[in-house]
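Let's start with one chain on its own, the form predicted on its own, as structure tokens.
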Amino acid sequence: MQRGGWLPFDEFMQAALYAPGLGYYANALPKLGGMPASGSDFITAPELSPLFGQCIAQQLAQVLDAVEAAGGSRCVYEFGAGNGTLALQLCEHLAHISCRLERYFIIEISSELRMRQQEKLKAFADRITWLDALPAQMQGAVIGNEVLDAMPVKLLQRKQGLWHERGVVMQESGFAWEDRLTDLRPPCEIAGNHDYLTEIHPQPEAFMRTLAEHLSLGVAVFIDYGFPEAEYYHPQRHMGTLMTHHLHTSSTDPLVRIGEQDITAHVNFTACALAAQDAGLEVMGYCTQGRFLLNCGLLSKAEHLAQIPRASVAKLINEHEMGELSRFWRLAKGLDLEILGFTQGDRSHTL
């Protein structure tokens, strides 16, 4: 064994999250939910309020109309649909606003999550198709909520001025870190000579290139936690962004509770945008979650739904909550339109 039992972190993260039957997203443990008592580990925006999905559905309706006008098909493709909550909200609201939908495709690699989605989406089974890989050609609207930040990352550690790749080894006491000298580097220079831990993102960047190969006409909207490159590799961000989630408690140790906790890292939006652009996609919008939802009429929708808790709506848009921390960004191919969610507050110039 050339590595001597050493496993690069991205391979460890891939196994910890996606190993069949054992990985976090491949086993039967609860994941999404509002309270630790349910056994869940974290909550995403669709679980907070149906208004999240309604706003996105409003955006998808505009995209589907434009795709049809350009000669394409009215299809939606969702990557990594979790427990199916967002898909349910989108299908329900698209039907409510009489937006014709030819087909809703869910690209899901976890058989366990696919079963949960099929149970939740039984009412729309006649128009949903599950796939385990991208179709050869995609036309329509693409959506991905917290997909890129669940993709494995490589860890780089600068120690005494030298860059190392961080990996995992097995010891008698369990898994442990081991750093090895590497030629890998972050995409930009990081000021200072202090020790510095960070991530690079070859898998999300490769995903952008693959998406460009398959999307022939349409718009893709992704929602993730992350930063532009200048913020991501700020000298003060010396501990990186890698986090774990277990019973609604965050930590930074992925070497414990393997398969029982979520592992995630923030997205370098600049690197993903450049990869997408180089592969033929147009980067046509980048804004905070709060701004996107407000642009899509969140407040007016909330007025007509008195039973929706105001605290949940506030969490979606407040700057100290998801409203600022989560970002929406838009890619397109073959379409040039100013779409609803990015009409105000676009920060594309920061990428």
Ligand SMILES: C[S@@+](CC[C@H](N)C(=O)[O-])C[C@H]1O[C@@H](n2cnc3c(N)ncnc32)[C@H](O)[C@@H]1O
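When you see a residue number, it is the position in the sequence shown, counting from 1. Model, not experiment: these values are computed from the prediction.
What comes next is about the form predicted in complex with the named molecule, which does not appear here.
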Among 90-98, 277-285, 109-117, 234-242, the region lying within 4.5 Å of the named molecule in the predicted complex by heavy atom distance: 109-117
is_contact(residue 147, the named molecule) in the predicted complex, heavy atom dist at most 4.5 Å: yes
4.5 Å heavy atom contact, residue 220 and the named molecule in the predicted complex: no
Contact of residue 81 with the named molecule in the predicted complex (heavy atom, 4.5 Å): yes
Contact of residue 32 with the named molecule in the predicted complex (heavy atom, 4.5 Å): yes
Non-hydrogen atom within 4.5 Å of the named molecule in the predicted complex for each of 42, 46 and 151: yes
The named molecule in the predicted complex - contacting residues of 11-35, heavy atom within 4.5 Å: 18, 25, 32
